[in-house]
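Starting off, we have a lone chain in the form predicted alone, written out as structure tokens.
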């Protein structure tokens, strides 16, 4: 068992090294003889076995009709090799768009297949590892756009692996395939987790946008005296002028902005904090609340709107990761 797994591991390493040399990451990949692999399918091997049996039968009985039938089927197999290879040869592959997603969900990746001339291509299958395959045909069209939904396993830059493109057209006797890596830039946000809502207001030391009555900092005006109010707030000058018993009213500046603060979750690890901050963010963005972000080394001033939300989501996705793929 160990020997078998070791052999598979060495083969996988060799194959991945071969792909890196022959198929490095590129913005647009044009498929040619260097990038395509072709091999008989199970049906192809069965077809070859039938040809061998017919050949032996023809030799044994010296039957010219069986010889002719064997040669005819052999020529069909050879022609099939050419048609199967040509079904992918010359196709240009690129990624048009990679939509952002949350960790644990599936991200939409739009792949474009293009060809120089109008040529019929059929039964082309595309898929990323772990994603559902999609079949596409190019019937006299120059381009074909395919949407694939790939697993977004962890936050950061989306890395779905190598795109597999294969085809068994036209008879299913051979399979031509490739593992390309067209460059893409897609973000994976932290998985949002529910958390207790942050405090909506706190003393702002003069920086708040609301004034709350009943404070003690800023004078806001005079009002009629009500029994029970502090004598310290009575306006004695106005009383001495005969204007009646009045009291001074004060207000405090209160900051009604919300901060998505890293320090609001002491004792949690990095990913748990980011997930809860992401959950907060989604709730606040739906409520049209002004909010900002505080991470170690990062501070985004409070604002609102989709652009502001996407900016903060980007910070959460790339926190302590590389800034670009």
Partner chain sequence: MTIQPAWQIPRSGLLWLLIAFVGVVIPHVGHLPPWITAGAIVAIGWRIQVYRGCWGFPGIWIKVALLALCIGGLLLSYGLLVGLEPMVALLVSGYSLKLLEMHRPRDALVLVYLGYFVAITLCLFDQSIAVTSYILVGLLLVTAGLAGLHQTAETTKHSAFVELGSLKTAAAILLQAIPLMLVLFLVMPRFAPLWSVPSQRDSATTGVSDSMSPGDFTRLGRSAATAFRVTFAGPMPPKRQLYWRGLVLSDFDGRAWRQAVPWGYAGNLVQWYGQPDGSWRGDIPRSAASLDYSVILEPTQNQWLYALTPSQPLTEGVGLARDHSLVNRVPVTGKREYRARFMPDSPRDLDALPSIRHFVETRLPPEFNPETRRLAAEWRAEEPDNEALMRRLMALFRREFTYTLEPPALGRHSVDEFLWQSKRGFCEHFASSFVFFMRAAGIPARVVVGYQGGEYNPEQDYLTVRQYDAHAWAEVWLEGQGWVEFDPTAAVAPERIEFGMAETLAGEEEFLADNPFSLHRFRDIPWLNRLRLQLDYLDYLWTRWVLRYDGVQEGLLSRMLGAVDPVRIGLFILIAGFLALLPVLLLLWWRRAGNPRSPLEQLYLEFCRKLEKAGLGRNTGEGPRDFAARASARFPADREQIENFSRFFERVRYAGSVDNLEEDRLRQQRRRLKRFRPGAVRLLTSKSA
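As the structure is a prediction and not an experimental result, all values here were calculated from the model. Numbering follows the first chain given and starts at 1.
Note that the form predicted together with the partner chain isn't included here; everything after this is about it.
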(request) Using the partner position in the model of the complex, report whether residue 26 sits within 4.5 Å of the partner chain, counting heavy atoms only. (result) no
(message) I'd like to know whether residue 65 contacts the partner chain in the model of the complex, with contact meaning heavy atoms within 4.5 angstroms.
(response) yes
(message) Is residue 157 part of the interface with the partner chain in the model of the complex - any heavy atom within 4.5 Å?
(response) no
(message) At 4.5 Å between heavy atoms, is residue 47 in contact with the partner chain in the model of the complex?
(response) yes
(request) Select, from the options 70 to 78, 100 to 108, 143 to 151, 185 to 193, the stretch whose residues sit within 4.5 angstroms of the partner chain in the model of the complex by heavy atom distance. (result) 70 to 78
(message) I have 86, 117 and 123 flagged as a candidate spot, so tell me whether each of them has a non-hydrogen atom within 4.5 Å of the partner chain in the model of the complex.
(response) yes
(message) Quick check on this chain: which one of 272, 283, 264, 43 has a heavy atom within 4.5 Å of the partner chain in the model of the complex?
(response) 43
(request) Within 4.5 Å of the partner chain in the model of the complex, which residues of 156 to 192 have a heavy atom? Give them in sequence order, or say none. (result) 168, 169, 170, 171, 172, 173
